[in-house]
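One chain comes next, on its own, written out as structure tokens in the form predicted alone.
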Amino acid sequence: MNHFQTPPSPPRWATRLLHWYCAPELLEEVQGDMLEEFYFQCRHNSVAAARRDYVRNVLGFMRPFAIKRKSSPSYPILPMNMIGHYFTVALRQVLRHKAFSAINVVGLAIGMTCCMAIFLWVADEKAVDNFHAKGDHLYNIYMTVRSATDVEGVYNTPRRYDSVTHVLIDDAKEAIAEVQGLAFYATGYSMPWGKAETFQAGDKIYKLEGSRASNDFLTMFSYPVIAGDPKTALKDIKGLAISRKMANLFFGSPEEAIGKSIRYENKRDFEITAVFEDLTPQSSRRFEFLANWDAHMMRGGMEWSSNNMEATFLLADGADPDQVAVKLNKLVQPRLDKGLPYTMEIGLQPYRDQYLKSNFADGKPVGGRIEYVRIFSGVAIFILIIACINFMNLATARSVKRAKEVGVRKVIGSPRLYLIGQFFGESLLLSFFALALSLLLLQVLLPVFNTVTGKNLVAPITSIPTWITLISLALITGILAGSYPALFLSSLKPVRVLKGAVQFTQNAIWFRKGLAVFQFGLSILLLIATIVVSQQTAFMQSMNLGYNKENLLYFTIEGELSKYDKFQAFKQKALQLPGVRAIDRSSEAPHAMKFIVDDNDGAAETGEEDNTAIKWEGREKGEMVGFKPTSVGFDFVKLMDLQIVEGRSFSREYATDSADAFLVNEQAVKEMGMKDPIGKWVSAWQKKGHIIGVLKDYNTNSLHERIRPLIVDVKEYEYFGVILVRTEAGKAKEVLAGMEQVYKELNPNYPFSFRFVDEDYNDMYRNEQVMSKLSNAFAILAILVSCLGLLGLIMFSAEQRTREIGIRKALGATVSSIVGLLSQDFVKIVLVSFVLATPIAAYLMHQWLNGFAFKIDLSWWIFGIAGIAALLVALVTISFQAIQSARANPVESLRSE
């Protein structure tokens, strides 16, 4: 070895590794042996070989017995006697810093109130149809219908049409062992597609809504029967089960109602066989009476006004619904009409899922109201997270002032665990204060929330599970909100703190800015969602539907008005009333045309005439189009303000129009593939005629659905449908008073009951209206809570830069330049939040809008407005603190430093 050369040494990193893991009592001896071996190898081999051997020895000594172990703490992990002390200190801190505590409590309380209100709504939505005792075994069937061009899913029961209608699964209970019960229910009896029906007992006449159900219905479902026998209530065709409300209305009490006769539609009598309790709001089905199922099937195979019927199965314990569906398909497929241009496949869905998942995709039920439940559950969690982040930011803003306290406590021997417990104690105390405040807020705001959502929610504050949930919420919120301040403040080094050199690492600064970005990103996302939902709702309510829905009312044709001469007499008298512009009739309300028919090749091939088939000139075999058919009066087009784009409208001047004329809409022309439709023949409802005109497309249902092909003919002698009345603007009240008198004069056995088309139309979008109002409110709250967090950050920043601000002012800096200096970081936070939130919001809103056939475009200005609004609110928030800091006396600032 050369005397003047640096002696060889082993790799430094290997030595450090040895010091890091080796137990202290072994280190000296082990390292000595390794160095001795290293120098020996240097003398007899090369230095490189000696270093390799040294590293090998260090790594080879990494064995369990040699690993350094930390000594056990000398204090208990959770000192129970300290818990009371934590809360005592926490209470002192809360009382000493009232403004800070109030901001934190209010922020958390807003978050908790939003969270509780939304979860009450979510719980109520999930409770719908969950009250049936046999609910775990109840399954509804749906059909996936596939044609060459389309796939649709429907809740309906497979049937075959020949001389009478056959329900193809009525023997499923006998054919499939797993099926223990089968109930049918007619679903077309709710407004606006169906109609309220007239009952009379003595001199009492009322219109009520109800339906038809099979005999097993009241035993399979848990609608409590309070009088009569549920097993036999619907067994006889004359039997009628009614609600408590209906029983009280007609007979005074449920007991008095049993066995009594009640007149239906002034046509026939039913006998009251059972009275069931008024339906709970958690029932998706709404009915005041249930008639016998055979009454549904008695008229030509099916009672008119509803061809939709649901079938519900009660399956045995352990039955696999998928296997039952396979067996059902094997049972049904051979029974279907032959040669159909489409296929049908039966599926089973848990009955309790139908309310939330009734939208179909690829023929399967997948979405629906569950999307709103998910969205608002997410919103509730988001707002609570924003409130917790707000708490963290405010606590961090005070960390400089708390740092000395931490330093002193550490110097006098307080372990870190105790400090963590103290800070968690403060956050938990504030969290429980916030919980108390949020319960008060919830009680105050719940009536408003109920008005918006159309529900009757009550906070179940007397139930033990509720309190367990609330306490858990407060604990989770307190731990979540207090986690970062507790861990951060307890980690401060006492020597540096007491020297007043509290400096935050770059990672800590980035972490807090990241929280602010996340917080504001969520707020901007909610703002964008609010604007999109509001725009879509406004678009639906103001969209040109293709007809004039204003000042248009309708009521059902029934009783004497079913007769042509009485209808004409009513029309002539009503037209003489002041304020009445036009009157006509239609087989369906123009905004709620649910009925769809198509051609039926199978019926044609079997030789049976299908009276619902629609065929047209030039149609190719197998081509299928689903039409909405309606029959109207001669004045219908003028009354509805519809546009004729080709040909002409119906006219009494043409004697052949009643027997030979059809109107179709543009969509029908398109789907039938006609180039020159005027004069082409069409057959529908056993009537063959010619197309005389083409209507401009107009919406016959909600904007969730596309415009369907429409075919219209004239049937002034039709005995059913609705009477449409167009009034002059502002004359509705006057018209109704006069019309009711005319109605009672000509149709005395039926009460006058009417609806306005624009009100029904608004009802179609109640979900969207509720969502719009809720998103508006929650977006404002989210921004408010986020601004509290931003206020915390600007307080923190101003606190950190007190010395810098003082020096700048002493050197002549203006207030505006200092305000700009303090604000620029927060402007960057809002801009980064905007950039990150925009694509996520665009994706989510695009998915939501896909549920509408008619929708707005996601224009750039929607995102621009949200970003500018967030930026302005943020600037207003930080400007107060920034201006206050900028205007502070520099002498005092520098003296305090």
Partner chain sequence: MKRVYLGEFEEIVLLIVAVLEGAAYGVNIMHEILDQTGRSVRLNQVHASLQRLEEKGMIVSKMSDPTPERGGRRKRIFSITAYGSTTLRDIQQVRATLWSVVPSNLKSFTA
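All values derive from a computational prediction rather than experimental measurement. Residue numbers count along the first chain shown, from 1.
Below: the form predicted together with its partner chain, not depicted.
**Student:** Pick from 38 to 46, 837 to 845, 865 to 873, 851 to 859: which stretch has non-hydrogen atoms within 4.5 Å of its partner chain in the model of the complex?
**Tutor:** Heavy-atom contact with the partner occurs in 38 to 46.
**Student:** Run the contact test on 252, 259 and 278 with a 4.5 Å heavy atom cut-off to its partner chain in the model of the complex and return yes or no.
**Tutor:** Checking in the model of the complex: none of 252, 259 and 278 is within 4.5 Å of its partner chain.
**Student:** Please tell me whether any heavy atom belonging to residue 26 falls inside 4.5 Å of a heavy atom of its partner chain, as the geometry stands in the model of the complex.
**Tutor:** Yes - in the model of the complex, heavy atoms of residue 26 and its partner chain come within 4.5 Å of each other.
**Student:** Within 4.5 Å, heavy atoms only: does residue 831 come near its partner chain in the model of the complex?
**Tutor:** Although its partner chain is absent here, residue 831 would stay clear of it in the model of the complex, with no heavy atoms inside 4.5 Å.
**Student:** Residue by residue through 34 to 63, which ones have a non-hydrogen atom no more than 4.5 angstroms from its partner chain in the model of the complex?
**Tutor:** Counting only heavy atoms within 4.5 Å of its partner chain in the model of the complex, the contacting residues of 34 to 63 are 34, 35, 36, 37, 39, 40, 53, 56, 57, 60, 61, 63.
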